[in-house]
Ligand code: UDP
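Starting off, we have a lone chain in the form predicted alone, written out as structure tokens.
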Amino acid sequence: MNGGVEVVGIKIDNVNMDEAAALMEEFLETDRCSMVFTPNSEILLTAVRDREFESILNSGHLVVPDGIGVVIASRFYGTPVKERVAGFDLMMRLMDMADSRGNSVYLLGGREGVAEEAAIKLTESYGNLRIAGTRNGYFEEDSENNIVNEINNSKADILLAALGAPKQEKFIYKHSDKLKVKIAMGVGGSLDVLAGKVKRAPEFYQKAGLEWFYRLVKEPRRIIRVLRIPKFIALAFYDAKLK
């Protein structure tokens, strides 16, 4: 952990965006599968109830605070994180690196056709980035070994797993010893954003840590998910007081 803080039992690396990107560039020079996780408040709440998931997040080689709730919670433990490191933005920094280095990426996840559309958008934006392969996120557990073989046979340097939490993190961890990629990153709904299926909040909301509010206005049915943010903050406050 890079001078980090433990929030509700999960070790969060205390890095800013540039530092996180620099670490991923180092990962691209190694021969191991480095696991990059980007938990927000909702994901950390899930980990509190799921000890296996908690252990998996704590095994990550880079775990960044994706969400204003995590940033606020870190202050209760006496080691505030430097800034929110949004998973989508970190993923795009990784794509910048991959393009400059000529690395290849495999896109796994989303509904039928989403990964392919995201791949088209990436190739339109990056001239040197190679799309090694794509696959949707609907598969049974008994297909996982075949998918891992497909990823390895593609010679991909990077795996972007958009399976939703905790499925994507559990998939990455379960197969990390077999995956031949240099970086495996859980990216949630980012392929939907790349494919143009979902629109990100305007920059003002992103910088103000109010992406959750923008999404709530656009999708009122998200209210149950949004209410988990204050629940998480209260849990973190109580947990920090017990330390």
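Numbers for residues come from their place in the sequence shown, where the first is 1. All of these numbers come straight from a predicted model, not from anything done at the bench.
If you look for the form predicted in complex with this ligand, you will not find it shown, but the lines that follow are about it.
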Exercise for the section: Decide if the three candidate residues Arg111, Tyr138 and Gly188 all line this ligand in the predicted bound form, where lining means a heavy atom within 4.5 Å. Expected result: yes
Practice task
Decide whether Arg93 counts as a contact residue for this ligand in the predicted bound form under a heavy atom distance cut-off of 4.5 Å.
Solution key: no
Handout entry: in the predicted bound form, Arg215 touching this ligand (heavy atom, 4.5 Å)
Key = yes
Exercise for the section: Would you check, heavy atoms only and a 4.5 Å threshold, whether Arg101 touches this ligand in the predicted bound form? Expected result: no
Problem - Non-hydrogen atom contact Lys170 with this ligand in the predicted bound form at 4.5 angstroms - result: no
Problem - Contact residue in the predicted bound form, chosen from Ala118, Ala162, Ala73, Val105 - any heavy atom within 4.5 Å of this ligand - result: Ala162
Completion exercise
Answer among 203-211, 54-62, 189-197, 26-34 for heavy atoms within 4.5 Å of this ligand in the predicted bound form: the stretch 189-197
Practice task
Let me know which residues along 202-231 have a heavy atom within 4.5 Å of this ligand in the predicted bound form, or say none if there are none.
Solution key: Arg215, Arg222, Arg225
